[in-house]
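Below sits a lone chain in structure tokens, taken as the form predicted alone.
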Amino acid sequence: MTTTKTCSEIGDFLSEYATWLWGCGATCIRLEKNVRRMAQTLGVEIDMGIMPTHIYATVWRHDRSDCYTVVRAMHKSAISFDVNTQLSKLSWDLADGRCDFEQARRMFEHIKQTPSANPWLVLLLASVANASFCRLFGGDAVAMLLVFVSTLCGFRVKQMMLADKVDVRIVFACSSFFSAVISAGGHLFSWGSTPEIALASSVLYLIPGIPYINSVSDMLDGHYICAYSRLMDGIVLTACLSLGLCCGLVVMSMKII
């Protein structure tokens, strides 16, 4: 499928699409494949440079009759597998001829309006999942209950602070602190037979797994700057998590080592 749209229109659409795909947690290789798939369908060539904060894209016709270059800042948002999936589906819908360029742009605008998941449902499921991790590591029923409650409180603190636009590093430290203080009750009051597992599992919901995974994927694909950026993001958040945990142990008069 080809289009009579100008390179500027196509370039603006593809570059904004790429920034949203990055923002919702996609790897560089997925971003490149999706964008190139759509560019080929629209009858243009595209060359992209992906950086941690910006994307640089040049779009041109095969006969060099039209060319357009755009620099766009990466869209900053919470990681969303829902939006990620919808955006990937959009690229295939366009490539397979199930929609034209104008329909794709309308679908993209609709995807951008996708509401966030119910925060109370996310809170409940995250708490249940973390309690399940506790059980997986050998925790007893009491430890699982402690992890559930500590995750419930810590994750709620995270949700409220993020809603107030607090720096994410401070959010991780505070959430870890609250979870550690609550789960430390197992040690202080001798609840259950595995209080140490409850304490160790109480902050697992804060582990930034996606930045670590994406950094490895980007490194293997040769996007070393993006890989380093995502790796450092993960390391910094992990350090903040550890700081909150250590402060919680100190406040509860527990030995760190």
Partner chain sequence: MNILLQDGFFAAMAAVGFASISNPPRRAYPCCAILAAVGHALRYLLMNNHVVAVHIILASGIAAFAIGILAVRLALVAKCPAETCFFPALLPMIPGMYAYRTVEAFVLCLCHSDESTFIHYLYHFAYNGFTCSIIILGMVVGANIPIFLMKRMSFMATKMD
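These figures come from a predicted structure and were not determined experimentally. Numbering follows the first chain given and starts at 1.
Another form, the form predicted in complex with the partner chain, is not on view; read the next lines as being about it.
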| property | result |
| --- | --- |
| A200, heavy atom within 4.5 angstroms of the partner chain in the predicted complex | yes |
| Contact test in the predicted complex: Y205 vs the partner chain, heavy atoms, 4.5 Å | yes |
| is_contact(F108, the partner chain) in the predicted complex, heavy atom dist at most 4.5 Å | no |
| The partner chain contact at K33 in the predicted complex, heavy atom, 4.5 Å | yes |
| The single option of C153, A126, A104, V171 touching the partner chain in the predicted complex, heavy atom within 4.5 Å | A126 |
| Selected contact from M232, M51, I210, V70, since only one has a non-hydrogen atom within 4.5 angstroms of the partner chain in the predicted complex | I210 |
| Residues of stretch 113-148 in contact with the partner chain in the predicted complex (4.5 Å, non-hydrogen atom) | S116, A117, V122, L125, A126, V128, A129, N130, S132, F133, R135, L136, F137, M144 |
